[in-house]
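We begin with a single chain expressed as structure tokens, specifically the form predicted on its own.
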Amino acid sequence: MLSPHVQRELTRIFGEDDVLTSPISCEAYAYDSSPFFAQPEAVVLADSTEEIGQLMELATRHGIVVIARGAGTNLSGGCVPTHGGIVVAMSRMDRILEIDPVNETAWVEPGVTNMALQEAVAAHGYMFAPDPASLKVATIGGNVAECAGGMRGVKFGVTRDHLLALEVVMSDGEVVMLGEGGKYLPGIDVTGLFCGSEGTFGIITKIKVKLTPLAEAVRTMMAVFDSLDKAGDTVSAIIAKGIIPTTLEIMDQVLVRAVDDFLQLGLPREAEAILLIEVDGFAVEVDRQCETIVAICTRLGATRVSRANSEEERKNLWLARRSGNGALGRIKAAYMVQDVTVPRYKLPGMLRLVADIASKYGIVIAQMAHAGDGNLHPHLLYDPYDPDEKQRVEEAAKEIFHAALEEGGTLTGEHGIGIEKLDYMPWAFSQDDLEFMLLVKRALDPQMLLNRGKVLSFAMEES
């Protein structure tokens, strides 16, 4: 419980209407899109950098934990206030401050949604390349906090590759500018260090991003396979041919059928897996690439390869992919979604292994993947009121983490460590690695106030 003095100070900084302390009001900020839940002591609705600076000065004086929160789409418990404290909601800081087509950049506040930025810059002939499936609600601040990738990651990379500068409120309330807005700054990439830090180094209040010109032509295809192995092998074969698609996504049969039940799009329900493939560039270039891709898919066992012949058909294919999370609710009331990565050539084996794990534990796992960069998103479905099934899901997830690391992969491609993967950090990193991370954390946040207990366990923070 915050002291009356602290509550008065919060009211002074933010105004009475923008400070929430009642249990029912705070409960809306006690969870994200993961299965985790923890109640904050207060929530403040921020409008400006100045307010957040004053908040951090107050928090430093009183040793209060602060958690920055965007839209709450995080899937690893990254914005769940496990140590109480104050949640600072960033959703009101949603202005696009500047779009500069000449220099191909934009300045935005952290509460701007990915889709809002995409639509705004498209009018100037550009896109912001990171493209998470939750782009309608996911915020740019959240993209930076988790270093989101999305479906265009295979060609354009992740958020870090499109980040130029940040305005950040540090743990003591000091406001700093990282990157200074330049594209080619020498020295240590401190801006990049903050990208993917999950709100544990500072609170980001302004973001400068790099824009990418929209392509002259876009072609979208669907390849249908009677096995996951064939679909996975096709991914590597396409890229080995020198073609880097804009997107290269796998959906397995569980997911395809769930989405088709939900949207009635006429998806190939008999398929063990489908590949959604998109290429962009100059028209003559992409048409040649499409011919090559069709030939590769056919040679490696695709039972059918079709091309979207209209913008409506193209949008429906991507609607199917983006609707996967919601559609799976028709099978089970809850799921645990992972985002392990493996080297691309090991993708077929990892897809098969995940299917074997599902059989071993008697659970349903729906598989989708940003296949072009080896980023798997197995969805482990369960009944939250069945403790036995939930336990089996947790054990299965543990095996998936271990298998990915054994294959030379990582615990996360874009969802972050959050709470979910804390116990597995020693599997992925040596003690020296973890101690180095802790040194960086202590240098930037000496009192461990910012999003305490995420990325590094609180027990380690205390050591």
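The structure displayed is predicted, hence computed values, not measured ones. Residue numbers here begin at 1 and follow the sequence given.
Not on display, but discussed next: the form predicted together with a small molecule.
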task = Using heavy atoms only and a 4.5 Å cut-off, determine which of M90, V279, L328, V340 is in contact with the small molecule in the predicted bound form.
result = M90
key: Selected contact from A138, L317, L163, V108, since only one has a non-hydrogen atom within 4.5 angstroms of the small molecule in the predicted bound form   = A138
remark   = For the small molecule in the predicted bound form, the stretch among 280-288, 345-353, 303-311, 198-206 with residues bearing a heavy atom within 4.5 Å is 198-206
request  = Flag this candidate site as yes only if A133, G142 and G149 all have a heavy atom within 4.5 Å of the small molecule in the predicted bound form; otherwise mark no.
outcome  = yes
Close approach of A68 to the small molecule in the predicted bound form, 4.5 Å, heavy atom = yes
inquiry  = Taking the small molecule as it sits in the predicted bound form, is T191 near enough to touch it, meaning that at least one heavy atom pair lies within 4.5 angstroms?
reply    = no
query = With the partner left out of view, is E420 within 4.5 angstroms of the small molecule in the predicted bound form by any non-hydrogen atom?
reply = no
query = Do A273 and the small molecule come within 4.5 Å of each other in the predicted bound form, heavy atoms counted?
reply = no
